[in-house]
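Read the single chain below, which is given as structure tokens and is the form predicted on its own.
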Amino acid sequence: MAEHLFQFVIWCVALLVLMVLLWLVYGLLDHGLAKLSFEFLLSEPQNAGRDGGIISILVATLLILAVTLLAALPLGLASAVWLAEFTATHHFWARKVRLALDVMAGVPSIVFGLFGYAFFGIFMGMGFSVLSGGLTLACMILPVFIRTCEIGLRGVNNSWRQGAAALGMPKIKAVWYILLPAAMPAISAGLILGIGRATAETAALMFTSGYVDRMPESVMDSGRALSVHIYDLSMNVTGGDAAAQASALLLLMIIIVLNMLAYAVTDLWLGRRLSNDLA
């Protein structure tokens, strides 16, 4: 009886989450689909965003996300491998690093924005730029990404490590060829969580990447992210609700596509790794 009740509660919670998602998608489709078009995607914003499109906003968003992933992925994977494979569970410094990551994971995004403005913008001399915003977002997603990857690596059966050691395989090769592919589901989950948070972030980017809606010419140029654009149209621009709804719908579509790409890339990488090992 208790097991059936527990399953019923789980299904009810899952259906509730699905209903909320469908309601959100329906609202965006109902209010934003009419304005979403190729002209909207490929033209520059005009009249404070009420008219025109979002091509410069879209380019700035993708550049910020690219900088974020290029900075966070190698550092995050290296940190997770060090914590999971090259330190003992109760190692003094490893415990301190884990505590710091757990604390950072709960820090509000506005605090990261102020940090990014002070460190990357002023101290490092980057000012309001795509690079400053991307590096700030990398700092935001690193705690969750590192801890997720570490847990995934620690969840790999120890017999795999023992088998690699018995064959005389160096530790780093065992990590690259055996442990990372085995932990790929956890790595994918951490990557997807990071992409979702970075793509939808607003507060931190106001202080780092800037507010201007022109086309960024390089990563050192200022650029308005899509989430910041939605906030500005909704809160500061009279008559900008239609453009905000269309931009929000596009942001949701981007997050879905990026999540699907993350799954596809990790599956492809894992498949090639396994086929090479079998060959």
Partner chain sequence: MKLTLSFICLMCLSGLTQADNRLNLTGSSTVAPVVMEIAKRFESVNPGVRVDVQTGGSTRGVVDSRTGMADIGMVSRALKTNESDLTAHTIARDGVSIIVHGSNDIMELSEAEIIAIYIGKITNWSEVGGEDRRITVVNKADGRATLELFLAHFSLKNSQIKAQAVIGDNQQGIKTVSGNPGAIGYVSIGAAEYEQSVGTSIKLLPMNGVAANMQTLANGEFPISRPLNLVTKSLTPLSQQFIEFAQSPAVADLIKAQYFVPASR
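Positions refer to the first chain, counted from 1. Note that the structure is predicted; figures quoted are calculated from it, not measured.
Omitted here: the form predicted together with its partner chain. The next part is about that form.
- Heavy atoms within 4.5 Å of its partner chain in the predicted complex are found in exactly one of 183 to 191, 161 to 169, 203 to 211, 139 to 147, that being 203 to 211.
- Remark: Gly32 does not count among the residues lining its partner chain in the predicted complex, judged by a heavy atom distance of 4.5 Å or less.
- Heavy atoms of Ser43 never reach within 4.5 Å of its partner chain in the predicted complex, leaving it off the interface.
- Contact annotation: Met235 falls within 4.5 Å of its partner chain in the predicted complex, judged by heavy atom distances.
- Shown alone here, Gly27 lies farther than 4.5 Å from its partner chain in the predicted complex, counting heavy atoms only.
- The listed set Leu252, Leu58, Ala242, Val219 contains one residue whose heavy atoms approach its partner chain in the predicted complex to within 4.5 Å, identified as Val219.
- Along 125 to 146, these residues reach a heavy atom to within 4.5 Å of its partner chain in the predicted complex: Phe128, Leu131.
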